[in-house]
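There is one chain below, alone, in structure tokens, taken in the form predicted alone.
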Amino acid sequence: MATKLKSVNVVTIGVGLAGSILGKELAASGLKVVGLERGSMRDTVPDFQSPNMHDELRFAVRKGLMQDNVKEAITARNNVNETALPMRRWDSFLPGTGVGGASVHWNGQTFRFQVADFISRSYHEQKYGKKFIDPELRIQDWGVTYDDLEKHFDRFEYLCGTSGKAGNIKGKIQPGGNPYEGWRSREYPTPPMKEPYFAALFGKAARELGYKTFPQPSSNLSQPYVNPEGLAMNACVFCGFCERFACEHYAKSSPQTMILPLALKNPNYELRTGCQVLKINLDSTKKKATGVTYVDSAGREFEQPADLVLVTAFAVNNVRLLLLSGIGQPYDPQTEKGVVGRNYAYQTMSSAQVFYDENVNINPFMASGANGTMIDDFGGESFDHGPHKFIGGAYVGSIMTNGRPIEFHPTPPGTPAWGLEWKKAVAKHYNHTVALNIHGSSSSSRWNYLDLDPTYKDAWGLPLLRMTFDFPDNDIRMAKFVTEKTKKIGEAMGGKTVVATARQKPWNTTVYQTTHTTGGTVMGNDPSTSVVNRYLQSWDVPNVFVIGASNFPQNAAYNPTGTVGALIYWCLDALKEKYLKKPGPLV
């Protein structure tokens, strides 16, 4: 039987980005807050220090910072006619665990979604007509607008100290920035990162073709910075161990560097690690949460009563917890009834490589997680989609994040996959190849969704999450179009050989694409098509809020963390200014 603990005002399930910010802010307002984290405590010192952190085998290959899929895997399949099987290795995406969550091992690429991304359904229907959107797609408006979120984007970027160049300040286009971005109230808090040689080669060619280049926005900092919370961060040293690694230099924005220390100093805040939440407890009406039940690392079961439950885990785990707790009706793709698990989306990644002669030295090992040059001419609504018969788009850039020896071994077509000739090819091309990224949107569709697996269970005897996904035809057409454009940029870069590969079906769980899994607890203004309202409050249980990329009704072309950060502060405002003054449904 679970041991019942003393009640608190707020419990957060997960202490990553959302859990850290909300926990800190609500504790500072005088509430008693408990942060429950399934993983371990970890901090920049001593846990992230070299030489241990520069262990490519441990962290990049064996995924040392990721969710333990021996205890808690996810099953996957491409369509409803297949039997889903557990993913016993994380390859396609990398769900984090431990204090800081995925925000510890992210690349720091910090974008804002475009204005039209938040009104996707109404925008496309108004501009192109109701028959333009592929019938299999289920894109919808978010219930909030870019204008609603602008000040929250700004606050998050200044918390992170994001480095970049504004492209649109209060409606005035700025030279050197992204002219397609939504308006922003002021410049980035720190200037852009230094431009590596590979990015300069891409930028020169793209500009010669008439595209508008700009430096990639980065929360790996270009210079020392003290954020508005008073926490100091350092400049990135381009060590090449960013993606899949924690930062030893205090140069990457993570909960540990930009917010969590303040929560931990507050006596109103308590962090408990090694705590696996099993379910959110409901009262007899099923309309009110009474707290959560969790198991600690010693196997002891506890009930933590709370007035307010904030679901702040990794996106897909938010969905699973609602399903396990019986909050909201599970989505059924056959009938299209239910909402929990609906509108699961991913990211549509394509790529190109430019192979140079050996007199062009790229030095790929000198890199950070976000130090590229890019264009947004094919992102979102930057161009007229009318002639192309698809929605969405992709940004394109040279964004090489590392040249680590185990993973980075570019070889041209025709190279054997192993053996002496493969080794010779890797040695020949390692320092003379530029990779181009094509980072595309992912449209939600009727048959892509999340539910509980009927067969497989986790270490606590609970059903695993089942993921049913494949790339919609719309997104395949989009990927083909942007990849063809990217190949022409590659050819203009002056290499000997350009290899461009557009995304194809089926989705492959054994090849890394991105960690940008979205949807499943989507936000909106209609309870029949969304799990949470525009303030991220459960329609069914008003004292439960769900915060994260699981709120996205579909995924845009850009990395999601900047928009997640804006939603966190949007939700915080709603909690402090509305809910806590008058608990109950906000809509």
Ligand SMILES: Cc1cc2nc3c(=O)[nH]c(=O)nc-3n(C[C@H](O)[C@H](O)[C@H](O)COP(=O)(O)OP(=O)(O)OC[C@H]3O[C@@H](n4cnc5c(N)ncnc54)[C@H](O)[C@@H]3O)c2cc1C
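These figures come from a predicted structure and were not determined experimentally. Note that residue numbering begins at 1 and tracks the sequence as displayed.
Not pictured, yet referred to below: the form predicted together with the ligand.
- Remark: all three candidate residues (L94, Q109 and A313) come within 4.5 Å of the ligand in the predicted bound form, counting heavy atoms only.
- The stretch in contact with the ligand in the predicted bound form, judged by heavy atoms within 4.5 Å, is 552-560, chosen from 533-541, 519-527, 552-560, 23-31.
- Under a 4.5 angstroms non-hydrogen atom cutoff, the ligand in the predicted bound form has H105 among its neighbouring residues.
- The ligand is not drawn, but in the predicted bound form it has a heavy atom within 4.5 Å of Y512.
- When contacts are judged by a 4.5 Å heavy atom cut-off, T75 does not count as touching the ligand in the predicted bound form.
- Proximity of E243 to the ligand in the predicted bound form: non-hydrogen atoms within 4.5 Å are present.
- Between the ligand and the residues G100, P215, P472, G397, the one pair within 4.5 Å by heavy atoms in the predicted bound form involves G100.
- Taking A306, A500, L452, C275 one by one, only a single residue has any non-hydrogen atom within 4.5 Å of the ligand in the predicted bound form, and it is C275.
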